[in-house]
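What follows is a pair of forms of the same protein chain, given separately as structure tokens and numbered structure 1 and structure 2.
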Structure 1
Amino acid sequence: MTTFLELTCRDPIVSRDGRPFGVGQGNRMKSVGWLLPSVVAGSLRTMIGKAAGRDFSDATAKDLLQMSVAGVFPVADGRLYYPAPNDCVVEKPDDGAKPAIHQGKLEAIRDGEGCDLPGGLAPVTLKGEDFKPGPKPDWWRDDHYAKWLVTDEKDFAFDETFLQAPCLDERTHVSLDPAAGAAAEGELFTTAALAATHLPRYGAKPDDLFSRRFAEIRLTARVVADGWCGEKVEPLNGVHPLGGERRLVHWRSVAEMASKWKCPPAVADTLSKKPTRLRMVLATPAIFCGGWKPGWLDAELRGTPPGASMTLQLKGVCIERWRAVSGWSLAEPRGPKPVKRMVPAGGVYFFDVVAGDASGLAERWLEPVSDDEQDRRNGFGLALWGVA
């Protein structure tokens, strides 16, 4: 059964990166920009195991790992938000005028030209003169995103409904040694956490009222679970830590969230017209066995995404540099998990349709495309689809 959750953060959420932190390692914690899917999945599975009164034996862990957890995404003013796509580049004029928005396009290689991209991929370029890119909003509302996926940058503009990344809540902790009158050894350190109750509005002025500078948000997640796990998730309503330092969040199932996870009508209608070129945008970081390249593509960069029924030919890629993800395993063997490389959220893949009907991709909206099945259950690689 599928359940949709609403999360309300009581405290700033700790989601640190993999840099050393602790006694003898480092005294300044660094935070990632947004919660990783595995952090949400791990916290929820622990909550469900406790709620069921289970002993976290191997059998219990096996059942919990079968739960598919997707998210989290912010919800503000009743609308779902997604991370900004990488094929959007902002040109900020020096004269204070409105920024120009450019959409990356595949550039055909002409006779006498060439590049060293692998597999004959075409470069993704921008029209116009060279310029220094300016900042763009980090989080886009679902209707803006749908417009971006089915049209070009013409008439596209940013306003206060676009949101920025969460502010960091940094705290310095110290324990004084009474004998020395100074910080005790290893007891002076700084933590960093994501303020996930409000997100800054794009373009807000520093002297605006708080309500105009920030949008109040909730978080949403989707859970697919059967058996005793599904029975515990469906009526979920309680407080449980999320992330590090046991920062508290209220979790509850909300049936009304279901509609927000569906493909927008504008995108579904465009996909039903059998486009020949598609864009796949990563709404959460993806883990592929080929690094940047999905493992479901063959040596000719041709393949079928997980769960889909069509064949695609990769033509171009627009992604940021890889990020690392790890963690700590409480199951045997206990200890640090192996480091994996992620393609960051917002990455864009350009495909040509080789065989099949693209209309079926509307049903694959926000479904994972990572290679490993457990990574997909952990929410890595949720994909949004559009035309190019």
Structure 2
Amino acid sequence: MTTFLELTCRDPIVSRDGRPFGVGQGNRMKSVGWLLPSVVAGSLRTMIGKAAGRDFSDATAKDLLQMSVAGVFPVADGRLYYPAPNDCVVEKPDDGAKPAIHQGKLEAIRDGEGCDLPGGLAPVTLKGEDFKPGPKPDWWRDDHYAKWLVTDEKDFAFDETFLQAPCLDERTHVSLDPAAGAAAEGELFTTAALAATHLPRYGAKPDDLFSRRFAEIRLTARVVADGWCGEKVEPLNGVHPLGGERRLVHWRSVAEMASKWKCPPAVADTLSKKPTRLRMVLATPAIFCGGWKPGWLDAELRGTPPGASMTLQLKGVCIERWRAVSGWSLAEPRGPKPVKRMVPAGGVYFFDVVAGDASGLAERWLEPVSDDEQDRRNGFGLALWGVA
């Protein structure tokens, strides 16, 4: 049973990086730029377990871990937003003219040229001029994204419908010395959280009205759950913490959200025309057993994504440096979880279609491509598909 949730944040949301934080460990919390999928999955599973009055025994935990949780993404003015793709680079001219937008392309290596890319991959390059990339919007609306995935950069422009990363809410706390009634010496700590009720609009002027500078957002998640978990998720409507420090969010299931998670018609139409070269963009960070390389690709970088039916040949990659995810396990072995390395959201993989039909990928829109089953259930590696 698939349920779509709408989350309304009441508080700034804590989604920490792996640095130790707490008494005798670290006095400074650092936030990641957006909620990690596992934070959302963990919070929802706890909420469902509690809603069902379960005891979090091994059996309960097993059932809860079977739930597939995807997201969260921002929703503003009724539209879904995805993180900016890595194959977009902005060139900002000195004279204040409109920024030029470039799309990365697979570069043909000429005679005598070379690079140390693994597996004979081609570099993904931009146009040849030297420039320092300018800032690009962090969150793109679904229709803009669809356009990016099926056309090139011509006529592509940024406006105020593009959104920026959430503002960081940093709070400094002191520990009071009960005897003195004053701040205890050296007992100072800082928390950092994502202000996820509004996202700044791209290009907004600092002296504009608040409503022009910020877009009010909700968050959306997709849950696939069966049995007692599914029964609890389907009518969900309540307040529960999301992330660390018990920051509160209103969670409710919203049936009309379903259409927003579907492949946009423009993309589905293009995929149905048997394209020979594809782009896979990661809407959430992915965890692959080969590090940067999906485990479903063989030594020749050829393979089939989970749930798909065609064979793809990897031709090029445009990904940022790895980031780490860990967390805290309440189950045994209790304590810090092992570090896993993620390909960050926005990473782009370029493929040639070797066998089969790409049209089926429209059905795999926002489905996970990570290797491990549990990582997929935790929402890592949701993929968007387009042509190159």
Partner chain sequence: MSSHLLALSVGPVQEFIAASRRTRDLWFGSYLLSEISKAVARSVRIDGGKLIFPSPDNADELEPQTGSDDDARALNVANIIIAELKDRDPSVVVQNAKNAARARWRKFADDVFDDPKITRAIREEIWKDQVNDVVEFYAAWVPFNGANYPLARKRVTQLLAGRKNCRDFCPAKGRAKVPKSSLDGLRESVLVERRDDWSAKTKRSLRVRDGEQLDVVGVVKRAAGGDRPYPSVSRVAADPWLRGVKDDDLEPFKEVCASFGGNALHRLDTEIYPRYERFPYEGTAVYRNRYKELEEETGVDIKPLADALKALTDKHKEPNPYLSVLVADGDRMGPAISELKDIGEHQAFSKALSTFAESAKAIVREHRGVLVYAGGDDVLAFLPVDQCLSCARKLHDTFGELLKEQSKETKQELTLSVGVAIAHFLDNLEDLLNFGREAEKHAKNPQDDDRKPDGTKQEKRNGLAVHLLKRGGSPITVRANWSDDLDERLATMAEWLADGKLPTRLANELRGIADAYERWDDGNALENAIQKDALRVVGKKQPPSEGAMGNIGDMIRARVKNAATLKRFANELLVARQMETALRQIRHETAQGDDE
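Residue numbering: structure 1 sequence, from 1. Only the largest set of C-alpha atoms that superpose within 1.5 Å between the two forms is called the rigid core. Since this is a predicted model, take the numbers as computed values, not measurements.
**Student:** Any idea which of the pair is the form predicted together with its partner chain?
**Tutor:** Note: form predicted together with its partner chain is structure 2; the other is not.
**Student:** With both forms put on the same core, how far apart in Å are the CA positions of residue 25 between structures 1 and 2?
**Tutor:** Reported C-alpha shift between structures 1 and 2: 2.7 Å at residue 25.
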